[in-house]
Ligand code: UT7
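Heads up, the chain below is alone and in the form predicted alone; it's given as structure tokens.
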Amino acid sequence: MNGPVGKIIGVGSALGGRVVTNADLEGIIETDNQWIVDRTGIEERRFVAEGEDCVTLAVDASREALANAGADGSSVDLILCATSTAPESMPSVACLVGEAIGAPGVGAMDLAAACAGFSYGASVASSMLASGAANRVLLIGADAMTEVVDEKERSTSVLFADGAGAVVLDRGGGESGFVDHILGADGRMAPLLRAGHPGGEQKLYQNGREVFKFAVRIIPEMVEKLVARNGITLEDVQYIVPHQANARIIQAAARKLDLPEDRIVVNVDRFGNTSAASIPLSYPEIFEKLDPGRYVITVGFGSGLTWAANLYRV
């Protein structure tokens, strides 16, 4: 890209309707609050309630993002939804969002890159805006991870949760927008983190130790690469928004980067690991605090194994 593309003009979020604390899980699996907090940093998470799923979460987050942007569905040219937990193989979640927000005839597709999905989607959206194929994109990250988690499996059931986040990206112009992206994947590491279809028999499996080691290495690596090749410094970066997999991963990566805690967004303690939703869920918390001319780096990693990062100029 020759300059920033895809200015964020609206943000929105949605969470599952059930608040589930660590104490609530004590009656389901062999665990306790301190064990969960020590290993994950999570104190509570949100699960979908009756009548909710990945689609309803995506719709609610999208409506909020559009309202925040002062726009409506008819102003959108393309809908992208990063998700791994669509309730059906088809139609796509993005298609159903389009119908719900009043955007008939608008291009819509899902993108599956697990917890790195939103960062992958930001790259795709930026490319579509830069090419002129779209002038405004609704980009969503939405997952109902409880649909693929075995509630009796302690290593995963304490981590994952349900939510959605959405941003409205305008082609616009000027100095604000995405300026660089990193995308990567290595199928050789696929056995480390995988799951079947929502409602299916193959529940989510994760080799926590190996995923932890990978994440702690890849987060600083991507951040440093984006900074170096764009001629900026870490001091120019106002916030780093990592995938909210586990507080210990984020803390270890922050130490490697030698960054103060107030410049790394953390909400896993309240929301749990919401997969593709975790990065856009963070945007409403920082959107009004962003300083023009500074940068935000978003970093995702997940099943595949996939990884991706984006550099955004405010």
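These figures come from a predicted structure and were not determined experimentally. Counting begins at 1, following the sequence as shown.
The same protein also has a form predicted in complex with this ligand, omitted here; what follows describes it.
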This ligand in the model of the complex: contacting segment from 159 to 167, 176 to 184, 120 to 128, 69 to 77, heavy atom within 4.5 Å: 159 to 167
Heavy atom within 4.5 Å of this ligand in the model of the complex - the one residue of 48, 59, 249, 265 that qualifies: 249
In the model of the complex, the residue from 152, 209, 229, 188 that sits within 4.5 Å of this ligand by heavy atoms: 209
Residue 193, heavy atom within 4.5 angstroms of this ligand in the model of the complex: yes
Residue 30, heavy atom within 4.5 angstroms of this ligand in the model of the complex: yes
4.5 Å heavy atom contact, residue 35 and this ligand in the model of the complex: yes
In the model of the complex, residue 140 touching this ligand (heavy atom, 4.5 Å): no
Heavy atom within 4.5 Å of this ligand in the model of the complex - qualifying residues of 42 to 66: none
